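Single chain ahead, by itself, as structure tokens, in the form predicted on its own.
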């Protein structure tokens, strides 16, 4: 929900009436689950992150705690903090949870083997039992008007890091293998939803949907997405109102996909959420760089480069948001 302010300043995305915003979302969520989808309740995949936490809280407010099930789906690369915080969240809102360790399923798909095969082509010494790895974008390319370059980093058990630019073939294999994680979680959510005649309530926010920071038929697979219209900073505004545990609110958003700790900013967004929200609002509302620059703290040329970056992400990820292409008779 955007603010009703017609001018552009640093507070343009502040929700004036959070209670009304929450009530509107929960009323629609209740109607859509019970009447439009004709389901008895909802399942939410919870990870101890801010988006899934707010989604769970909204589902409880809309449907009742007895009609919401939280599904925890760790695997061997997951941060143990994710489970602890997910449990804290569920206890706070009185929700029953189920833990499904998907490590064996991922091993069966060859997720880890296929990923590590690509890593070893760049770092023959890489040992997944004694090293961690991650991939990410160098934010130095944010103002170049060129496509971003991905890098891979391995970290040995002594904390020594080695980083190399990630070639296209290895990038594609690592990402394709890692995407088994999100798609396996989607399959598990639908098992529990169908077993209960529930809906799958998705957790992506506005940036994840519109910039393509999701896996098609993975975390992008859901029956309803109640926060897909909210900027990240607005998700935090709802979190404070809903009483999300402070530890979760203060936790740095991570991908929790690779074995090495990695922020979402490092992996994909390249900007802190406070800056990105403001800039995306300006971008999608056609606000001139000359107006945005003094508010955001960048030059006009830098704003234009960021806008170009946004447009590139939206265009190159459009296929993720498309329905299957159908042929006419």
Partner chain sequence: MNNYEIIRNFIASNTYKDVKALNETTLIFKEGLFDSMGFIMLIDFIEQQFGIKTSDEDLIEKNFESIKAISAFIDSKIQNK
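Numbering follows the first chain given and starts at 1. Since the model is a prediction, treat every value here as computed from it, not as a measurement.
Separately, the form predicted in complex with its partner chain exists; it is not shown, and the next lines address it.
Proximity to its partner chain in the predicted complex, taken as a non-hydrogen atom within 4.5 angstroms, holds for one residue of 246, 195, 96, 145, which is 145. Of the candidates 112, 190, 151, 236, 151 is the one whose heavy atoms come within 4.5 Å of its partner chain in the predicted complex; the others do not. At a distance threshold of 4.5 angstroms between non-hydrogen atoms, residue 167 is in contact with its partner chain in the predicted complex. Not displayed here, its partner chain is approached by residue 172 to within 4.5 Å at the level of heavy atoms in the predicted complex. Proximity of residue 308 to its partner chain in the predicted complex: non-hydrogen atoms within 4.5 Å are present. A residue is said to contact a partner when one of its heavy atoms sits within 4.5 Å of a partner heavy atom; residue 138 meets this definition for its partner chain in the predicted complex. Using a 4.5 Å cut-off on any heavy atom, the residues of 307-325 that reach its partner chain in the predicted complex are, in sequence order, 308, 312, 315, 316.
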